[in-house]
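Only one chain comes next, encoded as C-alpha cells, the form predicted on its own.
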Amino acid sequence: MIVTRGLTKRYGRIQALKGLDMEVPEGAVYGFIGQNGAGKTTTLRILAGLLRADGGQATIGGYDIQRHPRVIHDLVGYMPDFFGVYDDLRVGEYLEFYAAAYGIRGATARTLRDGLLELVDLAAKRDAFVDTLSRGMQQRLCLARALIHDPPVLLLDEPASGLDPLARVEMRELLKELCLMGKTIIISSHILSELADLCTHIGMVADGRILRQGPLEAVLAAARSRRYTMRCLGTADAAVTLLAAFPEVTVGEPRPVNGSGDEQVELVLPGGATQAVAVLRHLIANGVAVTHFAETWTNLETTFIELAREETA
C-alpha cells in the first residue's frame, strides 16, 4: 500500500532523510519508531503531500505522491504531532468546516459529523467550544478530522503525545477499532511500549534511515535469537575468559543469581543459534559448569536500542 525508495530530504545543512526505504502492506498497523529527530515527522509529511522530497520516490496505493497529489489527498488522512484548532468554533462546527473542505455539506455532513463524534466518544461534546476540551479530547477530535473523508490510509504522528495515562489507553482502544475497520495505519512514536500490543508491523528509523522493518514478531524474533543468558555454577570468570575466543560475541558483566553464589552473563551472538551451539560446546569442553543457556526475551525497546547502537558503530 505504501512504498518509499531512497527517500531523501535536507533542511539546510541537516540531512533529515538519507535514502529511507519503507514498505507498509495494505491493512497493516505500522509502528514507525525512533528517537526525536530520526526523520519520522519528515517522512509522514512527505507521504501526506505536505512536503516535497529532495530525492527518491514514494507511492501510496500505486500512485506517486508527486505526480498524483489530488489522488493522495483523497487516500490519506493525516494527524500531525502538533495541530491547530479553531477556538471560536464548536466541536460540531469544527468537523463540518473540514467536511466542507472535501465538498461534503448539508445533511450528509451532519450525519458524518455525528457518526465520527460517536466513534471518538465525543458525541456529548458536539456543542462545546473546542478550546474547552481536554488535551485528550482535542487529540480525538483531530483524529475525527483526519477521518472526515473516510480515507483508507491514516498517518498519525505521535497521537499519544502529551496525553495522561487514561487518555493514552482511550486513544489506543480507538486505534484498535480503526484497525478492525481495515484502515492502513502508520503510527509514529518514540514511546515504544505504546506500540508493542497494537502494531502488526514496525519500522525502526534512526538518523534518516530504516534500520529494520517487517512483521512485529519477525523483527523481535530475529533480535531475540541473538541474545542469550548463560548461568554458571559458581563464578563466571572462567567462562568470560574462554569467550575471548569469539571476539565477535558481546559479553556482559557477570551478575550474581539470587544470592546462590552462582553468576549469569548476558551474551549477544551475531551468529544466532549456530554460534550459540559453538559457544556452548567450547565452554563445556573446557570444563565450565554451565547450568543454563537460553535465548533471552527481547522487548521492542531493547531491540531498537541494540540496532541503533549497531548503526552508530
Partner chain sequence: MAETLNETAGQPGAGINLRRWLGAFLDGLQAGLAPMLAKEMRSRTRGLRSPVLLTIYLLILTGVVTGLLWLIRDKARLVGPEIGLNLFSFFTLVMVMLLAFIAPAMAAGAISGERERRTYDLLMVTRASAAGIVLGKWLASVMYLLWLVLAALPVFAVIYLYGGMPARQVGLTLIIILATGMSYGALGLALSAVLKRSQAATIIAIILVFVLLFGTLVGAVLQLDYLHSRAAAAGESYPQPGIPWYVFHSPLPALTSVLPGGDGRTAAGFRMPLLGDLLRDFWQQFNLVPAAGMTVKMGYSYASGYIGMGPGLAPEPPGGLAALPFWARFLINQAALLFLCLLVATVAVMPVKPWQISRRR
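Positions refer to the first chain, counted from 1. Only a predicted model underlies this, so the values are computations on that prediction, with no experimental measurement involved.
Just so it is clear, the following notes concern the form predicted together with its partner chain, a form of the same protein that is not shown.
If you check its partner chain in the predicted bound form, you find a heavy atom from every one of Met1, Gly62 and Glu93 within 4.5 Å. This chain is drawn without its partner chain; in the predicted bound form, the residue among Ala124, Ala101, Met181, Val169 with a heavy atom within 4.5 Å of it is Ala101. Checking Leu51, Ala276, Val257, Val251 against its partner chain in the predicted bound form, a heavy atom within 4.5 Å turns up for just one residue: Leu51. In summary, the region of this chain contacting its partner chain in the predicted bound form, judged by heavy atoms within 4.5 Å and restricted to 67 to 75, 108 to 116, 238 to 246, 202 to 210, corresponds to 67 to 75. Its partner chain in the predicted bound form comes within 4.5 Å of a heavy atom belonging to Gly56.
Taking non-hydrogen atoms only, Arg45 approaches its partner chain to within 4.5 angstroms in the predicted bound form.
At the 4.5 Å threshold, heavy atoms of Arg226 stay clear of its partner chain in the predicted bound form, well away from it.
A residue is said to contact a partner when one of its heavy atoms sits within 4.5 Å of a partner heavy atom; Leu174 fails this definition for its partner chain in the predicted bound form, lying far away.
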